[in-house]
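Starting off, we have a lone chain in the form predicted on its own, written out as C-alpha cells.
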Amino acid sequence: MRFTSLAFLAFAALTVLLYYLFPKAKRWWVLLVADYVFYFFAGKEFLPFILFTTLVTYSFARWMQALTDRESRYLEEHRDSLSKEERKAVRSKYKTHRRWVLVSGAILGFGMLAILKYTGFIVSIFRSSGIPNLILPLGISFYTFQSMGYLIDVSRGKVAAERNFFKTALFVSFFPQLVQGPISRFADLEPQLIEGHPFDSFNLRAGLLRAAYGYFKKMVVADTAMIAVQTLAARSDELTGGYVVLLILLYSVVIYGDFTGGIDIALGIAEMLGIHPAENFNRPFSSRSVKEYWNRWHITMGSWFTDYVFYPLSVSIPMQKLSKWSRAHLGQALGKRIPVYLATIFTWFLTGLWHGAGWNFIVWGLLNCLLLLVSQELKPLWSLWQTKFPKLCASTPWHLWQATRTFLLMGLIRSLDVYRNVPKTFRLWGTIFSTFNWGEIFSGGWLRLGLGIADYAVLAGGILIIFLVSQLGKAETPLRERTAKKPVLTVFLLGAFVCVILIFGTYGIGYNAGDFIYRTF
C-alpha cells in the first residue's frame, strides 16, 4: 500500500474516522490495528520481521526494567546496612547485567537488519556471482533504530519499560512513520500514541494542509525532476561536464521534494490524529555550513547517531585510554583530536551504511565526515576572516554565497546516490572541470532529458512555491498552523493542491510515481 495510492488515501481517511468514533481509552487500539492492516497490505511476508523486532524490544526492555527494579528494592531494603563502597558495587553489578542484556537485545535487533540488508553486499565483496537476494522488509531500518533507541534509553534509566506488549507494538509499528521516518524517541511518541486525543478541527485542517503539501512536493516537483535525473544517470557516459552539474541541481530538488514530501504526508496524517512526532527538516538548503546542514536535514537520524553512537563511543573507556596515550606520545594538540576524529569517522561510516548496502553509500558517509572535519580544522581561519572583514561576513551576499557553497557541496557528494559506481562518479566529477559543454545544454540539450518546456515550467513553478513557503515559514508559528486558523482559506488551498496534483502530477509510463527514495532504507 503506497502513500501515493488511492487505497492509502482511503485507508488513512478511514483510520482517522474510526479513531474519533471510538472511546478515548480505546483509540490506541484503532491505531495498532491500522498499523498491522497497513503492513499486511504493504507485504504480508514482512509481518514476521516487525513482530520479531517487537518481541525482542518488549522482552529485553522488561528484562532490563526488572533488573533496575530489583536493584532499587535491594538498595532500599539494605539502606542502613550498606557502606558507600558496597552500594557502589551493587550499582556496578546491576549496571553490568543490564549492559549484557542490552548487548544481547541489540545483537538480535541489529543482527536481523544486518543479515537482511547487508548479506548480499558482504558476499559481493568476495565474489561476483551467486550473491543472495534476501527480502528487505518495508521500513526495517527505521523501526529497528527506533526500537533499539528505546532499549538503550531503558538501559540508561531515561524511560521505564512499557509493561503492555501491545502498546510496545504500537510504538514500533506506527504506520505513518514506517516508510520514511522520522525516527522517534519513546519518551516523546509513546504517550501521544496511548493518549486518546479529542477531535480538533484545527488539527484536522493543519494535518490535511501538511499532507497535501507533501503530495505536491512529491508528485509535482520531485517526480517530475526525477524523469530528467533518470535520463542523466542512464546516459552518464555521454552526458558529462555541465550535465553532471545539471544532475546535481535536479537531484537536489528530487531528494528534497521526495523526502520532505514523504515526511509531510506522515506528519500530516499524525497531526490529524492529534499526534505530533519530531520534526525531521528545518529549511536545510539555507544552511551556511556542512555542520548546520546536518542539524537541519534528517534531524532525527542525526540525533540518533549522535546520542547512541558518537557520544558513547567518544567517552568509552578504550577511547579515554587512547586519548591519554595519544596526548602523551603525540602531543596535546594532535592527541586530543584523535579519539574525537575516530569516533566521528566510525559514526559517519555507519551513517553511510545505514542509508544503503553499497560502497557509494559508505563513501558518501565518509565524504560528509571529511567535510565536517576539515571545516572544524579551518574554524580558526574562518574566525580570523570574520574578524578582519566583519561587514562582509554579516552581509546578505556573503550569506547567500555560504548557502550556495554548502548546497553545491552536499549535492556533489549526493550524486553518488545516483551514479552508484564510486570510480565512475569521481570521473564524472572531473569532467565538470574538463568538459565545457554548457553551450550544448543551453542550445537544446536540456530538452532531450525526457522533459518538455511545459514540464520545466511546472518544475520551476513548484520550486518557487516551495521557496516561498519556506520563507514564509520562518516565523515561530508554522505557516500551516497560521493558515489552518482560517477555515475558508484552508479549503481553498486544499482544493488548489488537489487540482494541481491531478493536473501536473507525474504519472509516466515505466515510471512508478509511488516509490519513495527512502521507502525501505
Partner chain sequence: MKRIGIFCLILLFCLAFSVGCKKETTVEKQDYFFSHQSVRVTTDDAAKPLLDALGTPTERIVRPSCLFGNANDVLYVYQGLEIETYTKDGIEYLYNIELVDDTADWKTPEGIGVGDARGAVVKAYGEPDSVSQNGTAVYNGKDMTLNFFYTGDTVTRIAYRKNV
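Note that this is a predicted model, so its numbers are computed, not measured. Residue numbers count along the first chain shown, from 1.
If you look for the form predicted together with its partner chain, you will not find it shown, but the lines that follow are about it.
- For the candidate set F389, Y118, F202, W100, a heavy atom within 4.5 Å of its partner chain in the predicted bound form is found for exactly one residue, namely W100.
- The contact with its partner chain in the predicted bound form, taken as any heavy atom within 4.5 Å, belongs to L134 out of L400, L370, A160, L134.
- Within 4.5 Å of its partner chain in the predicted bound form, a heavy atom is found for every one of W63, I107 and G111.
- You can rule out all but one of 257-265, 404-412, 354-362, 134-142: in the predicted bound form, only 134-142 has residues with a heavy atom within 4.5 Å of its partner chain.
- Among heavy atoms of F49, some come within 4.5 Å of its partner chain in the predicted bound form.
- Contacts between stretch 184-217 and its partner chain, counted in the predicted bound form as any heavy atom lying within 4.5 Å, involve no residue at all.
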